[in-house]
Every structure is written in C-alpha cells, then in structure tokens.
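Take a look at this single chain, the form predicted on its own, given in structure tokens.
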Amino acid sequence: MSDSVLLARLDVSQLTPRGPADWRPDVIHRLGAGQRLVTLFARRLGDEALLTSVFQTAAGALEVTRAAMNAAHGYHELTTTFPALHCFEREMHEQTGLRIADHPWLKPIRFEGQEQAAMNGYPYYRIEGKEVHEVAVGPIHAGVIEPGSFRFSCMGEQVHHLEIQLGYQHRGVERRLLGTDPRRLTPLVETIAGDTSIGHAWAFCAALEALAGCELDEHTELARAFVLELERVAMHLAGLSGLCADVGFLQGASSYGRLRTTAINTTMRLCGNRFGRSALRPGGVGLQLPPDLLELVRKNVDLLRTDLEIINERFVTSRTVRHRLEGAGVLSTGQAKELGVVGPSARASGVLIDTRHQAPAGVWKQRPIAPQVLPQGDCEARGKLRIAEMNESLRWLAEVLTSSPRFGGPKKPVGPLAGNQLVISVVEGWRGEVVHCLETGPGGELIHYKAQDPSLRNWMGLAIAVRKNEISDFPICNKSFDLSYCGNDL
C-alpha cells in the first residue's frame, strides 16, 4: 500500500446507498461547506443507477458517499449551482442513461457505444445575429494532433463562445479494464493518456496494492516519485516548446525541444521506454539505478538545470513572448474554482490543488516539494508556472540523487484482491490529479473501474478562457492548457 498517494479503501457494505432525496442535499451541503468534489460516477444495475461521489475535505482526506436511484427518474441537476459538476453529470447520463432533470448542458462527453453515430448531429450552441459568424476547426488537424472539433462563434475577430466536441478516439478503455486478471492491466493503463503513463500507472498500482494488502518499502516509493517527476519535467518541456513555436520564439522552441529529448532519454535509460512504460508494476518498479547509470542520470539532471536557467531567462524577458502571452486567455481564480479546474491550469489561476502536498505520509512528506502558484491566470502565467514547476522538480531530483541513490529492489508479490472493496487513489500527474477507482465483487474480481484524467475537468476551462480573445490567440490558449484528447475519450 502506497503512503505517497492520496488513497481511500472502504468496505462496500459500509457504503449504504442513499436515495436521491437524501443524497442531493448532502452533496449541496458538502460543497457549500468547502469540500471539493474529486469525482462522481455511476454504473447501471438493472433499472437502477448506483452513484459514487468522492469528496476531499479541507484537511485533504477523501470521503465517499453513495446513492441508488431509478435511472428513468434520476434526480434534479446540480450543475447550475455547482458548474464543476457539469462533466460528471453529462458523463453519468451518457454512460448509464440516468435522467438528470433540467441540466443546462446535457451533451455527450465522448459519444460512447451507439452514440458514435450521432456525432454529426451534435447540437452546437448558437449565437444569433447578423454580425456573428462561426469558424469550424477540426476534427482533423495538421501534424500529429489528435482529433477534436472546435466551433467558434465570433464577432469580427473576437471569440464570444467556443464549444469543444470530443469523442473521436472511440477506445472504450474502462470496459477493457474489466474481464481479465487485474494484475496484468498495467500496459493498458499506461495508454490511457500516453504522455501521463507514469501518473496513471502509479494510481493504478497504488489502488491494486491496497486491495491486495501489499506494503511497499520507501525505496520503491522513492523510485516511483523519481520517474514521476522526470515525466513532469519532460512534458512541461514539450509544452513550453510548443508554446514558443506558436508565438514565433524559435530559440525557445528548439531549446526546450532539445532538452525534452534529454529528459525522456533519461527515463528510457532507467526503464527502457522514453515515456516510462514498464517503469511501474504492481508490487514494485521495473527500474534499477546501478553506479554507472547513476552517474549518467546525475549528468543529465545537471545539464537540464544548467541549460534551462539560460533559456528560461530568455523566455521570461522576451518582449515578443510577453506581448503575445500577457493578458491572453485569462481564467480568473473565481472561474477556476467554479469550474473545478485542476493541476497547473488551476495553480496558474491562484488555486492551490496539488496531491503531493496532501498525502498523509510517504516520500513527499520525507522530501517535500514546494508548491508553485501564480495569480494572473493568463497564458503567460501558465507558461511561467511550468518553468517554476520544472525548476522545483529538478531541484528535488538532484537532491534525491545526492542523498539517496538506492532505487527499487525486488518486487513484492501481489496476491488475491480483497472482496467487496472500493479503493480510490489520486496521483498528481503533470497535467493535474489522476484518479483511479476500483471496486471488487465478493470473490475479489473487478466489477467496476473508473479512470479519470485531469483533462476531463479542464476542457471547459479552456473554452471559458478563450472568450473575448481574438481567434488568432486560440492556438496559444490551447497549448497553454495542453490538454489530452485521448485522456478525455476513454
């Protein structure tokens, strides 16, 4: 069981489902009292829908409640009062047919199953008026960008509304995670969002180990945290390279891109894959750090710190960069809180949500990593926050290499999973909190798997941030959020 991950394990028998008349007021009370909704999902059981809601208290602990209701009757929506719930309510309706009365935006999240045939009839919101014109972008994009459709409603060059339609991946990941030995699922979990392979793998491994009662030693936890921070550095470098390219700052684009290669090649030397696949496995890690490799990793981390100091200074002082990014794509602190935005997108808007500082024990308590927060909420803040997080991660990596070079060790056996249990694990991936929820039946078999990438919560943040900007600013707004299409289209 991982102490470094925000985790809750409950006996299903202790979760007495409430009816909608009791559950809905309880959700309103919790959110009104300052608790934060981590996830809300449902599964269909005959004519009923079984809802699971996970809240985080002000102290950082996870609390779970359940509700059971007739799917055809459902309950009255909560999105109008708490907009952060919009994506969860839409997803539950799409996946289970649960009626959510008077929902203001009950549109598909990802067009699952037979709903895929309805994609061409997606009901875009329209702004009426002779001066309004629409611009459609996608779903096919240039280069290797994943498919997604963006519909802009503009007056002149100014965007008044952006609607984002996703669902083109058609992967059915959550269904594929059921029906086989759970201990063999890591290769599939690593592909939920390929740029967050380590974040998703750790959330999965932590949940599985909790179900199996598998306790890990501190060296294994440290190794997992090490490759997680390498992943954070590499993906921030990739995002900054793209952001620089979009504003024509080619010095930054090439330098950040070159250094990203150093970061992902370091991960490859540790585990055999540049994106960290096979680095984590239930019961342990798939990497070692012998003396000769330790020296190479040290040199690479030192190179990243030295070269980044130069290019970061160029980025933050460049008038060209500042002119394009400052004041563009603003998401205020209030908007970020209201929409439930997470990760760097939230922290760049002054909202501190970082699971690494909320775990009750483990590697982040023993070796703290300083939180980074900026209040402005614009594209420049999201770029600067990436720089601050990279610097802190590299400082932390260098400290670990100096004081504790022992990583990993033999894997521990992961035995049968406990029956009738629900486990929720939350890991702070580079894009934000990664949430995995596993529920077992009487024999320890998996009966429900819910995986949640932070992109699910953050796409609406992008749509709001683009409003009142020129349409030419959309590429930099999009890259500053740097969200995952496949992380949404499970």
Partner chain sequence: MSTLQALRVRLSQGTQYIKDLRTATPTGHHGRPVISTAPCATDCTACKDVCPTNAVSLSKVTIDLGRCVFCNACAEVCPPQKIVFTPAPQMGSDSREKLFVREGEPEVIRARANATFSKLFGRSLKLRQVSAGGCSACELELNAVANVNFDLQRFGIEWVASPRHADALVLTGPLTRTMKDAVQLAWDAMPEPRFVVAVGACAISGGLHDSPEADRGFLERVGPALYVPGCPPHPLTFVNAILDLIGTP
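Residue numbers count along the first chain shown, from 1. Treat the numbers as computed from the prediction; the structure is a model and nothing was measured.
As for the form predicted together with the partner chain, it is not shown, yet the points below apply to it.
Residues placing heavy atoms within 4.5 Å of the partner chain in the predicted complex fall in a single listed stretch, namely 253 to 261, out of 334 to 342, 253 to 261, 95 to 103, 67 to 75.
Although the partner is absent here, residue 7 lies well away from the partner chain in the predicted complex, with no heavy atom inside 4.5 Å. At the 4.5 Å threshold, heavy atoms of residue 91 stay clear of the partner chain in the predicted complex, well away from it.
Within 4.5 Å of any heavy atom of the partner chain in the predicted complex lies no heavy atom of residue 416. Remark: residue 369 does not count among the residues lining the partner chain in the predicted complex, judged by a heavy atom distance of 4.5 Å or less. Taking 277, 384, 356, 324 one by one, only a single residue has any non-hydrogen atom within 4.5 Å of the partner chain in the predicted complex, and it is 277. The listed set 136, 352, 155, 310 contains one residue whose heavy atoms approach the partner chain in the predicted complex to within 4.5 Å, identified as 310. In sequence order, 268, 269, 271, 272, 273, 274, 275, 277, 278, 281 are the residues of 267 to 281 having a heavy atom within 4.5 Å of the partner chain in the predicted complex; the partner itself is omitted from this view.
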